[in-house]
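Here we start with a single chain on its own, the form predicted on its own, put down as structure tokens.
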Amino acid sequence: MAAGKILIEAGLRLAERGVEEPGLNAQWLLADALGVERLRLLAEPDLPVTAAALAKFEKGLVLKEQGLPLAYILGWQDFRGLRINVDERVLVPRPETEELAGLAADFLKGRAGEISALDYGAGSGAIGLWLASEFPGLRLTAAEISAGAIDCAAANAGALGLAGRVEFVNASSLAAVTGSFDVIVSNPPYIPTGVIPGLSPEVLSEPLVALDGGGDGLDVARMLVKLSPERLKKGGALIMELGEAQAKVLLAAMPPETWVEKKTFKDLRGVERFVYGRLNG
């Protein structure tokens, strides 16, 4: 069978099941099954699909119909050019989190001497490992409450040749982390507990600990605001990703005597998503 015909039928099938971007998902799954670049399928619609590839593709389609994230099916997610392996132990990195990493990098470019970063709630390690790949002299600490996530992040560090520059800490609070850092960057859990049951099956397949931010979604974010001053170097920064309508709430909770240059940033969709504060002094 030809790839083009298979993609049309698969796209319709996924659309009937309410899958977002059905055509794109079908393309990624078939490319993975064939072991080719996705764009080749568009350039060569007559590309033959073997029986073995078709069987693998069918398994992927079924998982997608069941609500599994595409990245879990493929086993990886691109993050600013890095291939980050992901599975059910970790949250799938979103485009917004790529923007968060970029903000942290912009801040670090202005720091002199040896630089260090803490990726709090590291998950797959995507943010911190990308920063380490961008700054060869960076000392990275990746803190995470989930032992399974730490195992995943450590494997990613090894695969990327960065293991020797990363310290992994199993921590349920910033109080369990030692050292001082130029920047603390975090994509903490920020979904309010009461909202979680109504989330899509795809999101609900991800780890609850990476989603549930407490009553208003800001439990972990408030903890970071409170404890970060003890872990930041002079003039260091705290940069976080939050949910819609949360950034201004948290900004107001950052004491002006502690935090200077407090500001929020919008993501590419125009949502006020990111909170930035530089430690006074």
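Position 1 is the first residue in the sequence shown; the rest follow in order. Model, not experiment: these values are computed from the prediction.
Note that the form predicted together with a small molecule isn't included here; everything after this is about it.
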All of I127, A171 and P189 within 4.5 Å of the small molecule in the model of the complex, heavy atom check: yes
Heavy atom of I145 within 4.5 Å of the small molecule in the model of the complex: yes
Any non-hydrogen atom of S116 within 4.5 angstroms of the small molecule in the model of the complex: no
Distance check, V209 to the small molecule in the model of the complex, heavy atom within 4.5 Å: yes
Contact of I239 with the small molecule in the model of the complex (heavy atom, 4.5 Å): no
L108, L140, I73, L91 - the one with a heavy atom within 4.5 Å of the small molecule in the model of the complex: L91
Partner-proximal stretch of 156-164, 119-127, 193-201, 132-140 relative to the small molecule in the model of the complex, 4.5 angstroms, heavy atom: 119-127
